[in-house]
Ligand code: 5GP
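This document opens with one chain alone, in structure tokens, the form predicted on its own.
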């Protein structure tokens, strides 16, 4: 089994991709390790440095872009960058594990374009926009302005779903978790 593989989970904010990824990481029989993304935004809620994200200020982030240290990156909102450090992927591969990403839609597609044979890309979509809004509001971590920005962005993100290898509709979280587990198990056995 070759674990120099990449498993990309992308979705609009509030679709449940993070919950699904965390569930998969709890399965000790799957040789996975989470790719910690870098971001220029401040931590939210209970997020922890070097566990949830590598929190970099905007100047440091831009410096790493100039030094070609990112596998992919995107300016998601003005001066709000997210990206995957090349060193992070190598760190995980060197441990003999497959890399699992919880990543923005554009970033996920960029990874698949660079590594088409090594990547399984999965798009998690909400059952509908009303449920997506309910989930975003239920977090209680964001301003009304941020919620509206995320909802507007989700409309565009949903148009990319067909470009992914698989689509999971998260209208029942337990079923969505099972679907994800089956897709990944099959992919890792290739």
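Remember, it's a predicted structure, so these values are computed and weren't measured experimentally. Numbering follows the first chain given and starts at 1.
There is also a form predicted together with the ligand; it is not shown, and the following applies to it.
- Screening 134, 44, 156, 27 for any heavy atom within 4.5 Å of the ligand in the predicted bound form leaves a single hit, 44.
- In the predicted bound form, none of the heavy atoms of residue 54 sits within 4.5 Å of a heavy atom of the ligand.
- The ligand in the predicted bound form is not approached by residue 118, whose heavy atoms all lie more than 4.5 angstroms from it.
- At a distance threshold of 4.5 angstroms between non-hydrogen atoms, residue 102 is in contact with the ligand in the predicted bound form.
- The ligand is not drawn, but in the predicted bound form it has a heavy atom within 4.5 Å of residue 76.
- Within 4.5 Å of the ligand in the predicted bound form, a heavy atom is found for not a single one of 15, 126 and 172.
- Counting a residue when any of its non-hydrogen atoms is within 4.5 Å of the ligand in the predicted bound form, the one hit in 107-133 is 107.
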